[in-house]
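The chain below stands alone, shown as structure tokens; this is the form predicted alone.
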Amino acid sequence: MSAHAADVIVVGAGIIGSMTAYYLSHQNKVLIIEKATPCSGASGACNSGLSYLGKEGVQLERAVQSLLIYKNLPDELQAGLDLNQERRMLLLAENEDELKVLADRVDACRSSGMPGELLSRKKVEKEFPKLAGSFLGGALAAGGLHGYVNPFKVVAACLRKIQEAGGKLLRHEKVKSILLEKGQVAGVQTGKRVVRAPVVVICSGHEADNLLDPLNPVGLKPVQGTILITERTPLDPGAKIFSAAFLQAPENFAISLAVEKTSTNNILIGTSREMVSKQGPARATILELAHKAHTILPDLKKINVLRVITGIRAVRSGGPFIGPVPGYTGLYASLGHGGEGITIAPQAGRELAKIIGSVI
């Protein structure tokens, strides 16, 4: 395949773009165009967690379907993905309103056939004796689907499979505009060349609105997340621990709590959602994240933080946008996944590839 021609162009080589391109490559010649390097955006600057507890409605359905796909993904991609889906997940409520939200989300899980349990503070303390703080109770879900995956390895494995199928990747090439001919997509204009294709899929995260704005913006908001990475430690929180405040709409809170252990025995501490004009960690955010983590898990005070990472996630008030961009034949997008991109990437990629496959 020429580097200047494809059946489908996918803009963005994060986990959403790579998984979408992987499924499209089963029946199409795919060209991925990435402004920097694969997984260099939000996909590589996150806690890499997999979960369904706390979600509801369409997002819960998508998460469960995606987590089931993950079970077989290492074999399908023929690659080690640092995948562990045997982690329990614990959401902690600090007030009665949050406890009610957790009760509703547990009911949603049970209604969908997924396990979940609402716990009093006494039961949480019995199950997790190392925890402290002023929480009132929590929601717990067993392992089997929850856990952790390495997004860098997922993206690398997808790209390898795409290239084996005859696809290509253009790195360090920013898409400037989408080419149209009488309302039909004809390709894209990058900073270096014109690349022609009858189908273009936008998976470029928070910058996608700049690209789509002249056509049909999907209403994305750039929200920065900050993650602290500790040194390797034998300390085990016993579960993926999140504050129930994490379930609020992104624009309704700045800093919450997330503590989970990676496959390499580092602990990731988050999470923040901040509207920013320029990416970069703020000292106040780092200190508040550390304070929240120390309050819930005092043993973390003995462990050094080695690194702080930030990433800009694209959030959308109406939830993720997956499908055709109205008014333009051949233009599709998968955007606005916020902090859920790692969890739902396989399902979102398969869903969009199926939609596109039905029309080309």
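Quick caveat, the model's predicted, so the values are computed rather than measured. The first residue of the shown sequence is 1; numbering continues from there.
We do not show the form predicted in complex with a small molecule, though everything after this point is about it.
Contact between residue 64 and the small molecule in the predicted complex is not found at the 4.5 Å heavy atom cutoff. Heavy atoms of residue 33 reach within 4.5 Å of the small molecule in the predicted complex, making it an interface residue. The small molecule in the predicted complex is approached by residue 174, whose closest heavy atom lies within 4.5 angstroms of it. Of the heavy atoms in residue 14, some are within 4.5 Å of the small molecule in the predicted complex. The candidate stretches are 223-231, 156-164, 82-90, 101-109, and the one lying within 4.5 Å of the small molecule in the predicted complex by heavy atoms is 223-231. Taking 187, 116, 205, 237 one by one, only a single residue has any non-hydrogen atom within 4.5 Å of the small molecule in the predicted complex, and it is 205.
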